[in-house]
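Just one chain follows, in the form predicted alone, and it is written as structure tokens.
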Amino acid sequence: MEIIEQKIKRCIKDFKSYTPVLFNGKYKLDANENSYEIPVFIKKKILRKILNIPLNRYPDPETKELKRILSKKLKVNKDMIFLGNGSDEIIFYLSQTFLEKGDTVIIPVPTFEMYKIISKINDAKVIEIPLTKNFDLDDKNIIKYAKITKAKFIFIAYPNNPTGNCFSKDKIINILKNTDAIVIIDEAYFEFSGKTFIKYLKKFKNLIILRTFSKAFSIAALRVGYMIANKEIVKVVNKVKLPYNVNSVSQLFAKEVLLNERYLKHNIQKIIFEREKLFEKISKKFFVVKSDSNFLFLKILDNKKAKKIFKKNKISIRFFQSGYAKDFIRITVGKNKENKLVLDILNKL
């Protein structure tokens, strides 16, 4: 075993495996998934089409049909689209393509943990820039450290996870204008915010946008994400992409939910409606960040007591016990019944 340990990359030796918190309860409100399944008639329609997939054959390695549909929907050239096995895989490919040992990555915190984890796996140095008191970007410090360190990447979640808010558009534009770094804007929750930087792709060649089918499109189980960027970036990232990275069933589901998007928008609107109701009621007792996503981020006084009560009621939510999000909890917006249970518990704290 000693021989094996000697061969492990130094940046991995003291690294702890990232393990998602396993759901243990009746109501799952801990991972920002869509609380609604795709309509049964769409699922049945897709299942019938699965019968025609030759499972003995590899999937389309270029995801041509899915790119065509996305290209039409987004009004961008298909050469600007890259599909991945979830956004995580795309972040990993971006890191393998651009990061070398000792390169710097800048991350506003708190934010999505995989930015830091994947950067460190690829031997990069991560600089964390805390958000301002009102949970906005500290654009001046981001620009400052990007210039000092010649940062390769700046990650910006928009809306941000776990805080749920969209950062100031002007601050993001300021960062794009005043750094040479590749700015990766993760729009995983775009469908709940309606805010996007797609129109800036032509102006800023250092801009990359990430999206996913895991949230609004209700197919988190199938792991499909995509990147929109200038075609030169897509072309070079294709050099490190593993063949057949998005399986045939996932491609089929992603195509069908896009073609039937109008039926999914009803559920998205229900989530937004429930989010606003929850925010209004929770804000009367707790500090809660105004959300542009499908979850709420709030501060509580007694983390241990809250954890005990939520567990007793078999509701799984996300607790933050350390770092920049310490003493906060993140609650996915659920169905009406689930949200009422959450409010009942919060009223007891």
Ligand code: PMP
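Numbering starts at 1 and follows the sequence shown. This is a predicted model, so every value here is computed, not measured.
This protein has a second form, the form predicted together with this ligand, left out of what is shown; the following refers to that one.
Asks: Which residue among N122, T179, Q251, S87 has a heavy atom within 4.5 angstroms of this ligand in the predicted bound form?
Replies: In short, S87.
Asks: With this ligand left out of view, which of T212, S95, S218, T104 would have a heavy atom within 4.5 Å of it in the predicted bound form?
Replies: Spelling it out, the residue with a heavy atom inside the cut-off is T212.
Asks: Do Y200 and this ligand share at least one heavy atom pair within 4.5 Å in the predicted bound form?
Replies: Taking the distances in the predicted bound form, the answer for Y200 is no, it never comes within 4.5 Å of this ligand.
Asks: Hey, in the predicted bound form, is K255 touching this ligand, heavy atoms inside 4.5 Å?
Replies: No, K255 stays farther than 4.5 Å from this ligand in the predicted bound form.
Asks: Is there a heavy atom of A157 lying 4.5 Å or less from a heavy atom of this ligand in the predicted bound form?
Replies: Taking the distances in the predicted bound form, the answer for A157 is yes, it comes within 4.5 Å of this ligand.
Asks: May I ask you to check whether F112 falls inside a 4.5 Å heavy atom distance of this ligand in the predicted bound form?
Replies: F112 belongs to the contact set for this ligand.
Asks: Tell me the stretch among 112-120, 238-246, 130-138, 262-270 that has any heavy atom within 4.5 angstroms of this ligand in the predicted bound form.
Replies: Selected range: 112-120.
Asks: Within 167-202, which residues come within 4.5 Å of this ligand in the predicted bound form, counting heavy atoms only?
Replies: Stretch hits, in order: D186, A188, Y189.
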